[in-house]
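Included below are structure tokens for two forms of one protein chain, each presented in isolation as structure 1 and structure 2.
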Structure 1
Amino acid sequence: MRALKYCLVLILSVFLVGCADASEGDASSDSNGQYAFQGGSGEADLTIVAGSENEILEPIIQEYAESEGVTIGIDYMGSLDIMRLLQSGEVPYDAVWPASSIWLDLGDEQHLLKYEAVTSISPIVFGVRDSLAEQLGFKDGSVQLDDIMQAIESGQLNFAMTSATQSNSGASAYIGFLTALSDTPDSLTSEDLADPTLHKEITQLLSGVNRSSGSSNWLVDLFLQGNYDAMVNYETLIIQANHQLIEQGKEPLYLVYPEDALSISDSPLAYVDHEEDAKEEAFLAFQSYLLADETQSAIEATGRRSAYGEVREANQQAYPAEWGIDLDRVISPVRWPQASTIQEALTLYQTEFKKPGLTLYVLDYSGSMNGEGHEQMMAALEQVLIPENASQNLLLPTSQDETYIVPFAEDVGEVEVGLGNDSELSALYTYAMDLPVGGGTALYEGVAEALRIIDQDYPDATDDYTPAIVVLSDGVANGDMSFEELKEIYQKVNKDIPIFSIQYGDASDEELEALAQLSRARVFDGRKDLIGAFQKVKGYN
């Protein structure tokens, strides 16, 4: 037991300074107190808010609940939301369990947490189509970040990656990139972030991102639907993706571990101290179960390495060597910088370094939006278009972003555009606020207009920007255009433009889901929290 404690303290001392969670894919308890996952029955003895990566551990948790006669309720929440929840000081859960420690370090300003412990480890790696990895020489030996940058600059490699300000996998990879590119690779500093050479190099590297996401799990779904070459994600999720790729008859991904830019997810479980002895006892018992040898072995079998970074021989078949996984390789992650440097780096990512966003908000001004609908839509837009609010949400566009308002009601209204992240963005909000409400729901015509703008004015949209069409409607499309006609226009444009939709009011789930399927996008539920839905969808570009 002393050895176990020593190892645990050692791991924590290495990783506690930073690391990032990946949570994502929110699923919260409803008004009846039902959790997204509940092990056992009756009132919960222990409630946890966790990253959705932990969903794969539900059978293990269920087994514990049944054998011990306890009830564990889990809600899934995004990384930034877990951080904000901690910062608020009002945490209605007994424990937090994100993918990595960075959001706990940044969020626990009021020192609410106790007993933080690593429960598993997963490196964040590049998964590159096997034949492309061979072509690029990535299967010949160790790969440095410079090798990856050369492949990007030569036009041979593009990759999908989650947003660094919305997801742990993106944040972790990004901090790893910055560390490798800095003059002080032992630990990134604020001075490094001011270096113009680093600015140029990280911008060049991130220009290789061809699709973004606010969720690591959803990035896998996207990858499986499309014809992409590579993605940055957790080792465990790429292993899961490979199984599905093989089932689809596609070639698997080769896992590339950039030696000088490697980061990890450490999946910390921590207790939120509400000074309730029974809750504290229930937490410690559950945490001990997760760290027990038998449970750690079960976690390894899911594709996540043990809390010590190891994989028992009995579980090594879950990590195929032909996919580039070398379990004998020592995992040497980058050292995380101070919390203030991480915060500065994330702000620079959002406002300067990432590929600029091209966002077209297609907004419903039909008669049914009059009153509360319009008020809530404007309250949501206030959070993404007013620079001060967007900055607080880590959603402020870059200075090169272009943002459109495409209003529709009986017909498509006058379109307005704003450049950058300052006065023109604020002016867009004022424009949207002053538009009249009333008339029918020419939804498909509004989307078609957004596609026309991209097709005519941005011939290299996917090379120069991360584009997205964001649709909000509370009704059923009743204009002259049919979905089949819109589908034909989309296919003719022939660009990888996601059409994200926000459900509101009596919007047709079928119509919005069809738009998402047409464009490899997703639908966000804004009926409970419209502001939150706008914030989340903006995190996808």
Structure 2
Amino acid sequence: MRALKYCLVLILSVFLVGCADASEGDASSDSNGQYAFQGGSGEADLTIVAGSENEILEPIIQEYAESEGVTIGIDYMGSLDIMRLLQSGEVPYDAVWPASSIWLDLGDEQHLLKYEAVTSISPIVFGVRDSLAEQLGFKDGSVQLDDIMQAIESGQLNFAMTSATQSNSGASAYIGFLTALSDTPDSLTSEDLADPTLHKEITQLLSGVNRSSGSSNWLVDLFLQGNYDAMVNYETLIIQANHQLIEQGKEPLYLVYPEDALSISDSPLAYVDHEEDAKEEAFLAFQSYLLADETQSAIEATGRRSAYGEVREANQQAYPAEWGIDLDRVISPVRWPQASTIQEALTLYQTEFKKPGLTLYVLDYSGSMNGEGHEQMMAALEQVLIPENASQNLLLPTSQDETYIVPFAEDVGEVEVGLGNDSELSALYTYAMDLPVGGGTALYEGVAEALRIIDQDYPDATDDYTPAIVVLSDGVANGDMSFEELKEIYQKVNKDIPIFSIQYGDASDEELEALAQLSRARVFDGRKDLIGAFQKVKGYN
């Protein structure tokens, strides 16, 4: 058993190093010092890598930057990626701000951190459409995970949740689920994880996930675009979502706190010691601003409970009781298991427990891909299709995953499929490698073919799988099919299938963005780091 643990730790550490720079993905700084958010102007006095849930604090940070005349640059990254970045020892930021202390504890192997402080508290809860919550009896007092399980089993409840291997809200909720499902009331152990009953139950529970995401914030965006019933997210983000739902004339979500599976985010901000006095001062000044009474009150008004638990009288209206929020309720989160057990659980999530993926890679083999374009595409595919690599990147499909290659150039080429996560998967790589390059860009035809496959061969695609179409293109669609025609096909198929795109070379922004909008998906920038973009997109299914 011990040998297995070490083995897992080893695999993970390789992954952690490998993924650190790849994970910057969609919202990272480029070499010109452009940050996803910048308060103040000029060169940044303080740079921070933060979880996306902190976006809501931008006005508060902006105010500080303006009044103090300092510049703060923030990039957003999943909490688990922040952990991996710390583990690599190369942190190109002055501060880290993930959603939970556990990722700093597990990440700071090189002892880079100083002045760690909790900045706010938010429980991770189920937000369930109000009338459905009522119908399921979730409004009648305390809810246990078992009640949620029953609703899922009876087909009455599906929910969206972030990926447990990418984002803190997903990881925390998942560990909470496992703990509640295990026999021991306290910390989850490696022995618990070996229990077949637990395997069955967690798989059943995760089968209720209808949409996944690599980021908690994006999960809210997704939720607001579609008609979903429920999501797992931070209390604060569900409060935010509710305001927008009401604005859209929709039902708000009722917040359900599963008593035996609850977890919290404590949003710790810590300094990364690069031994630069000016940075250290800038950090300490910013941190004391965040922890000052007035700022804490402003943070509280956004729906995050301030540090020290209580919510000031003046801010209590930001936590409406009719949405199920009870500020007097003691938030009693489950314990985090030992580090090796957490990592073991995350690996199991990726390879065994999560809903299998149905991934259709729609790949551009047009003439313009010749040479470097093709080489880079193959290098990226090597990372997701060769099992050893995929496993190191925590992106190995489950044994039930189905993966397709849908090549297109002048026309749609011959489609190939592979089942599971071993030989059939690597055979797909060989297949993709041997395809010729040349001709036009029948992009929409390629997507239409992918949709046709799902429609014909997977009648219950969204129940049985987390489906995704992943388009890689470096050009402009120039086949016979128009976007309008594709849209018609998409609507006729009438399934919630996201069409993620990886933008590459001179690919048309608008076309890929339109695909993303049509299908409630997103575009990943592969121009800087194609491999990273492929890894990132896998985190969304």
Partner chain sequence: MKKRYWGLAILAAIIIAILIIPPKADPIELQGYLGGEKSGLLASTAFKEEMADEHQLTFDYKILGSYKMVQTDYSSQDYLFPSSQLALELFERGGGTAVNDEIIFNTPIVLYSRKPIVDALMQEGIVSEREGVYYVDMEKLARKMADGVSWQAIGLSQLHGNLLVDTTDPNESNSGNMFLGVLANALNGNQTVNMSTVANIEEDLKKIYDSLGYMQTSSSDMFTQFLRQGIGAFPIIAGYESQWLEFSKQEHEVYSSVKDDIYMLYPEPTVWSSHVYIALIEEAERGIDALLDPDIQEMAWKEHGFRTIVSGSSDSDEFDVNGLADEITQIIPMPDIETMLYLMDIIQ
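This is a predicted model, so every value here is computed, not measured. FYI, numbering is relative to structure 1, first residue = 1. Note that the rigid core is defined as the largest set of C-alphas that superpose within 1.5 Å between two forms.
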Pair member that is the form predicted in complex with its partner chain: 2
Following rigid core alignment, is the displacement of the Ala282 C-alpha between structure 1 and structure 2 equal to or greater than 2 angstroms? yes
Align both forms on the core first, then report whether Gly40 has a C-alpha shift of 2 Å or more between structure 1 and structure 2. yes
Mind giving me the turn angle of the little rigid part against the big one between structure 1 and structure 2, whole degrees please? 11
Please state the CA displacement of Val70 between structure 1 and structure 2 in angstrom, with both forms fitted on the core. 3.5
